[in-house]
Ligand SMILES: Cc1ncc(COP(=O)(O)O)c(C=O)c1O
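In the block that follows, a single chain appears as structure tokens, in the form predicted on its own.
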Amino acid sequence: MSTCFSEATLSDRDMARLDALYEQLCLANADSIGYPGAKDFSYVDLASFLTLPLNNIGDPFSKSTYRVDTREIEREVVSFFADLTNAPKGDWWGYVTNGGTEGNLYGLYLARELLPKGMVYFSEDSHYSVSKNLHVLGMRHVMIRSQANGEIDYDDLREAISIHRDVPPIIFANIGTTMTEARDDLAKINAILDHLAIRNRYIHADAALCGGYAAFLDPKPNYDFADGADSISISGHKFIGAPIPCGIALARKAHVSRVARAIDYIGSLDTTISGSRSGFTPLLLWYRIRSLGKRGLRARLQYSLSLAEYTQRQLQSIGIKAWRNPNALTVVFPRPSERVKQRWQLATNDEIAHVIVMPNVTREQIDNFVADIAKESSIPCNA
């Protein structure tokens, strides 16, 4: 027998408002090529799960008295990404987060607990949320210069660490910066620390966008656990694609053990940032990786790399100084007019803008985009 609450419905006016909003969002979605969110997905098979109060409260590897959860699915998701990132067998842990910022917060939190007197080093091209996370955690930090391509300046890093050699370094490495998709090299960073004879160290890798495909690049970037990372953050709604922001936090299990504590109320361990966690987003990621597999992810990457190269060439053909880092999906070019920025929803920073060629972007979209810029510049378009 249903209750009066379950039978409540929206008014015709409210339904009309939702219909109008949906149409508006569909139009906006079609023209967005400036932000890293894959949109070629369909999760209609999971619609029935939206009728359940899914909550993965507590540790995904521990049981809980609350059983309306998807812990088993979540464990499969993090296991998949642990394998992609060469996590040490028997010494890794992870969970599905609300997104890259939470994953970065978690990595820095572990670093603080492991090295409470540590100093955080991050480049000026790091995501804007890094400074916020450091403020929340109250961690000492030094901002390092970036090279012209967005990669961290290793000479400046070496000099800064040398000045504070008595303080354990915590390195926040960018595996794909926000604007130029530059990747900091963990091999070079570890070489600096080895040269300075620094043993106590922690390296967190922010692989928000690139974490979904970095393992398939040739050559593979030096970014994962085999390259010296202690923790890694990956976004699920970017290259993988999801209608809800989500991500994966991975860390060496020994580090996580330092923060774990048993909570009788939930009958589980408290190891994550939030208490209640979505039980639906692990389903999204599981559905995606099970349907695509490594072969499908690799194919998506090759398509995007090819189209990114095409985008760069087409912009250069109309006189636009477009460039990109090696094996990047991000094409960088001078900041366009406000009209073009708003029309294509481009992310800008100072004098540059970018297009991020996600797997859903089509050649037709790129041709239309280039034609739009050519029109504004009064330059014939060769697309």
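A residue's number is simply how far along the shown sequence it sits, counting from 1. Since the structure is predicted, the reported quantities are computational estimates derived from the model, not experimental observations.
Although it is not shown, the form predicted together with the named molecule is what the next lines describe.
This chain appears without its partner; in the predicted bound form, the one residue of 152, 77, 208, 250 with a heavy atom within 4.5 Å of the named molecule is 208. Note on contacts: among 176, 94, 212, 282, the single residue with a heavy atom within 4.5 Å of the named molecule in the predicted bound form is 176. The partner is not drawn, yet in the predicted bound form one stretch among 216-224, 230-238, 158-166, 77-85 has residues with heavy atoms inside 4.5 Å of the named molecule: 230-238. Contact check for residue 288: every heavy atom lies farther than 4.5 Å from the named molecule in the predicted bound form. Under a 4.5 angstroms non-hydrogen atom cutoff, the named molecule in the predicted bound form has residue 101 among its neighbouring residues. Residue contact check for residue 127: one or more of its heavy atoms lie within 4.5 Å of the named molecule in the predicted bound form.
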